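Quick heads-up: it's one chain on its own, the form predicted alone, in structure tokens.
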Amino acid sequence: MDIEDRYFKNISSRERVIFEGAITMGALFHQFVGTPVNSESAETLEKSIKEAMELQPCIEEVEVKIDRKMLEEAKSKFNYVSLNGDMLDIRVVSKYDAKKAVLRMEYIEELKYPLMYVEYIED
């Protein structure tokens, strides 16, 4: 069975590269938000998220940055916080055929929201 012909023939390569990046971004957000983290464990968590998400189909690279300042400001007397979207700066690079998409998630101060968006597409 050819998976491409069976399940993806109704979309273009451009749409597919965006789809794969967006699926990874959504999975990352919903899988890792709520994870206990502190300044000492943040680097390990960043690496774990990166390595896990790079296993997804068509994903070329994932960059994860957890805001250490926010971790310190939110830290409880138990020396950790639950990771939230405001703390994340994510870059996902997906590639399919000759197309490449870069998707981002970052906290946008004026929106007061961790926005996910397509940063650019290379055709």
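This structure is a prediction, so every number in the text was calculated from the model and none was measured. All residue numbers are counted from 1 along the displayed sequence.
Although it is not shown, the form predicted in complex with a further copy of the same chain is what the next lines describe.
For the residues K75, R91, K95, R68, the 4.5 Å heavy atom test against a further copy of the same chain in the predicted bound form is passed only by K75.
Although the partner is absent here, E51 sits close enough that one of its heavy atoms falls within 4.5 Å of a further copy of the same chain in the predicted bound form. a further copy of the same chain is not shown here, and in the predicted bound form it never comes within 4.5 Å of any heavy atom of V64.
Shown alone here, M87 lies farther than 4.5 Å from a further copy of the same chain in the predicted bound form, counting heavy atoms only. Of all the residues from 9-30, those having a non-hydrogen atom no more than 4.5 Å from a further copy of the same chain in the predicted bound form are N10, I11, R14, E15, I18, F19, A22, I23, G26, A27, F29, H30.
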